[in-house]
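Starting off, we have a lone chain in the form predicted alone, written out as C-alpha cells.
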C-alpha cells in the first residue's frame, strides 16, 4: 500500500491511499480539522465525495479503524502511536519467550525494557492494567506502552526469541516530508 501526501495551501493536507487495483481513497484534512473523504476509480479520474467528518468524529472513527477498541484475532501485533515518542503495541507471546509462564514481576519487564504491560489477553478474557503478579502464558496477547526504543527492547527480549519466535515487528511509517511525498 502506498500513501501519497500533498499540501493544499490555505486548505490543509491531502492523502491518497492506493486501494485495490488503481482505486484510491482520498482524505482531505482541512486546517480547521474537518475531513472530506473521496473515492477515485483511478489516479486520472475525478474524485467522488463519499462523506465529511468533523475533527472529533474523524478521530473517533480513526481510533475504531485502528483497532483501539477491538483487536482482530488474526493480527500478531499492531502499534498505535500516541504522539511524541509514546506508542502502544500488541504482541502474542511465543512459546519460547522468557515471559511465557512467568508473572510480569518475575520477568522484570519494566526494569529490563522500560515498557509497561497495560493489558493481557488470554483467550476471550482480557485483564486491563494487570498487577505485577499477573501471569502471562504462551499464546497470550500482551499490550505494552513505552517509547519506540523501549518497545523495540521488549520485542527483542521477549517476542523475537529465535526458535519459534515471532519476528513480525510493528508497522513502520515511512518518511513524510511534504508535497507529493510517498509515505509507503
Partner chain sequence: MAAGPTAAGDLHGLLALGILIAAATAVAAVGRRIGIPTVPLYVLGGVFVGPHVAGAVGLPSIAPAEVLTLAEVGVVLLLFFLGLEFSLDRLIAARRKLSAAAAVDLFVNFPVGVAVGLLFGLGPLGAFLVGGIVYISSSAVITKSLVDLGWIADPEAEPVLGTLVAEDLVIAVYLALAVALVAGGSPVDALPRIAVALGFLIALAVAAQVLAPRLAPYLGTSDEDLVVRTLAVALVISGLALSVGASEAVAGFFVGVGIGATPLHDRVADRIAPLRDAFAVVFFAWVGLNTDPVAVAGVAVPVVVAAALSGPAKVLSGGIGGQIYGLSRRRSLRTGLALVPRGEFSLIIAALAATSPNPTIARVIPAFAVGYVLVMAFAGTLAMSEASRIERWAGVADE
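Rigid core: the largest C-alpha set superposing within 1.5 Å between the two forms. Remember, predicted model here, so these are calculated numbers, not experimental data. Residue numbers count along the first chain shown, from 1.
Quick note: we don't show the form predicted in complex with the partner chain, though the next part is all about it.
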{"query": "Stretch in contact in the predicted bound form with the partner chain, which is absent here, among 146 to 154, 59 to 67, 45 to 53, 118 to 126 (heavy atoms within 4.5 Å)", "finding": "45 to 53"}
{"query": "Proximity of residue 11 to the partner chain in the predicted bound form, heavy atoms at 4.5 Å", "finding": "yes"}
{"query": "Residue contact check: residue 36 to the partner chain in the predicted bound form, 4.5 Å heavy atom", "finding": "yes"}
{"query": "Residue 159, heavy atom within 4.5 angstroms of the partner chain in the predicted bound form", "finding": "no"}
{"query": "Partner contacts for 128 to 159, taking the partner chain in the predicted bound form and a 4.5 Å heavy atom cut-off", "finding": "none"}
{"query": "Residue 147: Cα shift of 2 Å or greater between this form and the one not shown (core-aligned)", "finding": "no"}
{"query": "Did residue 129 shift 2 Å or more between this form and the one not shown, C-alpha, core superposed", "finding": "no"}
